[in-house]
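Below, in structure tokens: the form predicted alone, a single chain.
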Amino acid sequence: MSERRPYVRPMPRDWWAHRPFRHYTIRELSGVTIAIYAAVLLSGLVALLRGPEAWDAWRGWLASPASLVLHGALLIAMLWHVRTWFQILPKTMPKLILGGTPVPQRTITLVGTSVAVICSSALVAFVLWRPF
């Protein structure tokens, strides 16, 4: 009796670093930065709960050069993540047809990115220039 042996395609150990998968891998790893920043904010909340001394120490750490470098790196990674998310958006949604013609993917990406920038700018303006 013959034993069934399915074909197993050879896969190099560093498949994720090759050209077609590189951007996908970087995009997925950039999602980890969101979790890291959430941990930074959570540590601030814990410091706030522990009292004024812990809160002042946490705020002092936020002003340190190491924290500023970390926040700069996290910002760059988050901007990359947001950019690639909006590039993937038209590929994951149903075809959008206006006036009988399909809307180009580039237009969907541009509109989504523009709305995100406008809403983010409005939120920053609201937080920074409150009348009270």
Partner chain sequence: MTERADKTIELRVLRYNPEADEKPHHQSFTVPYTSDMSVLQGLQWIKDTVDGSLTYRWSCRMAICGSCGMMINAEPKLACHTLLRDLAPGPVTVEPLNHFPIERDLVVTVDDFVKKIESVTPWLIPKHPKPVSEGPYNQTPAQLAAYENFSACINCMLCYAACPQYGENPKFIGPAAMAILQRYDGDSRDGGSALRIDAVHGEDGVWGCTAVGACSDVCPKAVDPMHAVNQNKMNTALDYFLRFLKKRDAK
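Treat the numbers as computed from the prediction; the structure is a model and nothing was measured. Numbering follows the first chain given and starts at 1.
Here the subject shifts to the form predicted in complex with its partner chain, a form of this protein not shown in this document.
Asker: Using heavy atoms and a 4.5 Å limit, would one call Pro52 a contact residue for its partner chain in the model of the complex?
Answerer: Judged by the heavy-atom cut-off of 4.5 Å, Pro52 is well away from its partner chain in the model of the complex.
Asker: Please run the contact check for Lys95 against its partner chain in the model of the complex: heavy atoms, 4.5 angstroms, yes or no?
Answerer: Contact with its partner chain, yes.
Asker: Is Val8 part of the interface with its partner chain in the model of the complex - any heavy atom within 4.5 Å?
Answerer: Yes, Val8 sits close enough to its partner chain in the model of the complex that at least one of its heavy atoms falls within 4.5 Å.
Asker: Just checking whether Gln105 would be counted as a contact of its partner chain in the model of the complex - the rule being heavy atoms within 4.5 angstroms.
Answerer: Yes, contact at 4.5 Å.
Asker: Arg83, Arg59, His71, Arg27: which sits within 4.5 Å of its partner chain in the model of the complex by any heavy atom?
Answerer: Comparing distances to its partner chain in the model of the complex, the residue within 4.5 Å is Arg27.
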